[in-house]
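Only one chain is included here, represented as structure tokens and corresponding to the form predicted on its own.
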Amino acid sequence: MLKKNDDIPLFIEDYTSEGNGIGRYEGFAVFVSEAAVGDTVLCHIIKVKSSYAIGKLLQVLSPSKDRRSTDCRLFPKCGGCAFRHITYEAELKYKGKLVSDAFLRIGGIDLAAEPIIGAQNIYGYRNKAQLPVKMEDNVLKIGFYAPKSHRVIDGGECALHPRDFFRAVKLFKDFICSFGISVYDETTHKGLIRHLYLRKAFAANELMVCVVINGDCLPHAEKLTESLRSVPSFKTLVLNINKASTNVVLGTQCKTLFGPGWITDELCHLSFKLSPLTFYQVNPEQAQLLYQKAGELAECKKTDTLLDLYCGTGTIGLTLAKNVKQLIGVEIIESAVSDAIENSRNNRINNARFIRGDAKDAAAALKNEGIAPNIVILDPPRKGCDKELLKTVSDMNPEKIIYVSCDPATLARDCKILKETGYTVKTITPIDLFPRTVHVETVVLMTRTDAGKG
């Protein structure tokens, strides 16, 4: 019988959705982090449940052909990456299988995913970082949370980030130390600095620095601006006010301290204004491929009405607007709607309308207006769509639904619901927007099965 503190040999045969290796021992599934499929490892059992156990990797007895040396000093202490110990080809194979398995297991949809679209660039691709700031044992740390904890792993040198992020982190740390500025404590809810939030527009080489504070102002802010101006890409410094006793990173109020308060990026030959609260894909190179794929699946016509739910700053819809009669975008965040309107104006797109509101309520209101979109784009948060929203979308009777998701499980669940309302999944295409992490983006085309319903 397997027991806690046992040391056992284990052959790794698969991965969990969190990227941990899975092996089997005496009928138990044993989960081991940092293990690769094809490894035989020696692991130390740290937890035993009724049907599974968790092991800690002690030694690789026989390495997998997929195993490689890690290339980041923060791995595996940092909770960001899961696959720095295997080849990128092996990672892509796992992600493609993850998507197909989710559709079969959760959605009851037996349709193999298309070959995954991998990334040409797997280093320095992220245009966004939200870095917790914490004092631990009287040491200032700015970095990343360790897996399943709020313990901060210090260090801005992430292999997924551009190099000007490293410089900004160092300058910000020096600024805090030089002026003795207090750091937020999650237990007492006292202290000022909570997070350092960095965002970059690669096309224009523009850097936004946003400081998240538990207060109304940042002492000596002019000195921080002066310091940051030594970074060539630095364009704007913004404060985000978050006084809530919560784990949510950003508050709803922003104050611009230097520059315009936003940066501008380019995607699919359009320019997009990015302010701190607006959603934007973190990997612009791969996002462009994602939007091109969405457009290819939509096959837009000049007679179409396109409804873009969870539209953010309008990126997906605006890239398709020139091919349709009318674009309607829906987004709940006010600043994102303002940015979407400005993005349509700046790109001289005159057939776009943007509505601020919850996707479910806005979709119902549009249905009551008699709006009958031919194509609906769904790009919700990881939790997926509300059942009422899916019903409302189905009742609108669009010819096509393009569903974009970063979570295969909630995507498969929602596609199952849409299938029950008369839609069929035609294609499933994974696109790797997040190399070396467990996450994968997927775009799905659904079409109406019973064309007469509505």
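Note that the structure is predicted; figures quoted are calculated from it, not measured. When you see a residue number, it is the position in the sequence shown, counting from 1.
Although it is not shown, the form predicted in complex with a small molecule is what the next lines describe.
Engineer: Residue-level question: is D358 within 4.5 Å of the small molecule in the predicted bound form, judged on heavy atoms?
Structural biologist: Heavy-atom contact with the small molecule at 4.5 Å: present for D358.
Engineer: Would you please decide whether I316 lies within 4.5 angstroms of the small molecule in the predicted bound form, comparing each non-hydrogen atom pair?
Structural biologist: Yes, I316 sits close enough to the small molecule in the predicted bound form that at least one of its heavy atoms falls within 4.5 Å.
Engineer: Any chance Y291 has a heavy atom within 4.5 Å of the small molecule in the predicted bound form?
Structural biologist: The answer is yes: Y291 has a heavy atom within 4.5 Å of the small molecule.
Engineer: Could you tell me if N127 has a non-hydrogen atom within 4.5 Å of the small molecule in the predicted bound form?
Structural biologist: Flag for N127 set to no.
Engineer: Choose one stretch from 237 to 245, 324 to 332, 101 to 109, 141 to 149: the one whose residues place a heavy atom within 4.5 angstroms of the small molecule in the predicted bound form.
Structural biologist: Checking each option against the 4.5 Å cut-off leaves 324 to 332.
Engineer: Heavy atom within 4.5 Å of the small molecule in the predicted bound form: which of A113, V169, C311, A298?
Structural biologist: When the small molecule is considered in the predicted bound form, the option within 4.5 Å is C311.
Engineer: Taking the small molecule in the predicted bound form as the reference, which of F202, F175, F279, Y197 has a non-hydrogen atom within 4.5 Å?
Structural biologist: Checked against the cut-off, the match is F279.
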